[in-house]
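Consider the single chain below, provided in structure tokens and representing the form predicted alone.
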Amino acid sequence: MAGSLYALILAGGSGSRLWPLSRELHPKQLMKIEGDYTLFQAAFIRLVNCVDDKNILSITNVKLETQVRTQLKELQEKFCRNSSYRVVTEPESKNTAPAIALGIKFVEKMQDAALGNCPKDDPIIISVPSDSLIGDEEKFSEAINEAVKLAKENYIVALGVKPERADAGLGYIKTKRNKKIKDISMDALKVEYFIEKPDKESAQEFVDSKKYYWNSGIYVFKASVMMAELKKYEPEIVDILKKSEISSQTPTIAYTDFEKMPDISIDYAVMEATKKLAMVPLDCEWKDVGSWDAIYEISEKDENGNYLMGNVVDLGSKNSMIYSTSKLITSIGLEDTVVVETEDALLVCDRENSNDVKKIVSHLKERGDEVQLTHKTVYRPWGYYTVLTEGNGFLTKCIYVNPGAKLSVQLHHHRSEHWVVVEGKAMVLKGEELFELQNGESVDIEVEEKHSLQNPFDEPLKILEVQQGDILDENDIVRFEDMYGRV
């Protein structure tokens, strides 16, 4: 029997096709692409119209957990919600099939904890990516409601979008009419077949035929139906979860178990194979932000078809995207080109090949280049820091601490630190001593000395930090107390 409604927000991806703006430790879903909220926050707000907010689970990589929790806390404070929002963590990224399976397993554990020995229903689950733009949220909710009707009848339901262009970075759905499905939901269709990320020529054929829909990546299904299909097509995922210890109080899985998971998307694992797939059209101004070409397509352009953002001077370019975050970019006579600049990297590519940016990221990862991992400016719950210079045995940062915020009480095994207040004033914990530093004053923190930096004042605080040591790594932090729950 179909019962309670839950939602899973898949927020663990690295957004590699939007490098260099998106990085592994600060991916696109945690960024503000459009509007006042990050893509992840917008996905959560959108789902609250369909699902009780306490039944919305966010699934992310353990490396992103703190950022996800911080963004959820911002929503709780803004909308005065009292629910304890659940974050399910993956020990490492293994794509969407293991993530969805883990989410389903945790929903089942939540029901066990809540109902004990009482009879349990078969929850219906809405699985959504955290990196889409939706224009009409009312139509989104209507489509979800129609999909729920079909899910109650044991269909796995995809939400499909009429394509506007050929995009090889998306999945395509070919449909046909089916009386049984139409009797349940008037506009719903049977899926004839599903193709995930075809080649460019095939994508163009699909669009020209007008018989295909884009796959939005949004699915609605009964928990039991999805797990049965995973058992049928990717049994290893289900077998690993069956043997793993997961409880409603421990929303994660042991690394030694999860590392054995296949690295596969739900699209390849189930959607291309299942016979239970139906589709509901999604007519709500859905936009994919999966590549730079997709960003270009949804952006406002000038009379020459260019999208220029930031400090850009262009002469004679056409149909190009030029995006500056810090430096001046000058360009002459470009056509169908993407140029993206950040403080530590520059991307230049043909718009048509922008889906291949992920290959650059893979290459950087293989050679151990941390430019794929994080920006020089790194955001934390208390503010941010920017790496200024680094060399053999030293590193300098500018640390910005928001009013009312403070860093954790911590120590480092391998480095000492020298702090100089360059703006505002600071409260410093050094060992057992707590004291105030004024603008221009400094303090030394020794190796393995417990310390904390606080800003209980109304003005922002800026600190120049000089680190010295044989290991200068963010992993060299031992936390004792933390107002953001990172201990």
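Residues carry their position along the shown sequence, with the first being 1. Superpose the two forms; the largest set of C-alphas matching within 1.5 Å is the rigid core. Computed from a predicted model, the values in this text were never measured in an experiment.
Keep in mind that the form predicted together with a further copy of the same chain is missing from the display, and what follows is about it.
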{"query": "Selected contact from G431, G440, P456, G35, since only one has a non-hydrogen atom within 4.5 angstroms of a further copy of the same chain in the predicted complex", "finding": "G440"}
{"query": "a further copy of the same chain: the contacting residue among E234, D167, D288, E341 in the predicted complex [heavy atom, 4.5 Å]", "finding": "E341"}
{"query": "Contact test in the predicted complex: N311 vs a further copy of the same chain, heavy atoms, 4.5 Å", "finding": "yes"}
{"query": "a further copy of the same chain contact in the predicted complex: A345, any heavy atom under 4.5 Å", "finding": "yes"}
{"query": "Exercise: P403 in contact with a further copy of the same chain in the predicted complex, heavy atom 4.5 Å", "finding": "no"}
{"query": "Touches a further copy of the same chain in the predicted complex: G135 (any heavy atom, 4.5 Å)", "finding": "no"}
{"query": "Stretch in contact, per heavy atom within 4.5 angstroms of a further copy of the same chain in the predicted complex, of 64-72, 27-35, 457-465, 50-58", "finding": "457-465"}
{"query": "After fitting the core, L25 CA displacement of 2 Å or more between the shown form and the other one", "finding": "no"}
{"query": "Rigid-core frame, C-alpha of Q467, shift of 2 angstroms or more between the shown form and the other one", "finding": "yes"}
{"query": "Core-aligned CA displacement of E446 at least 2 Å between the shown form and the other one", "finding": "yes"}
{"query": "Cα-Cα trend for D36 and E423, given that in the predicted complex the distance shifts by 3 Å or more", "finding": "closer"}
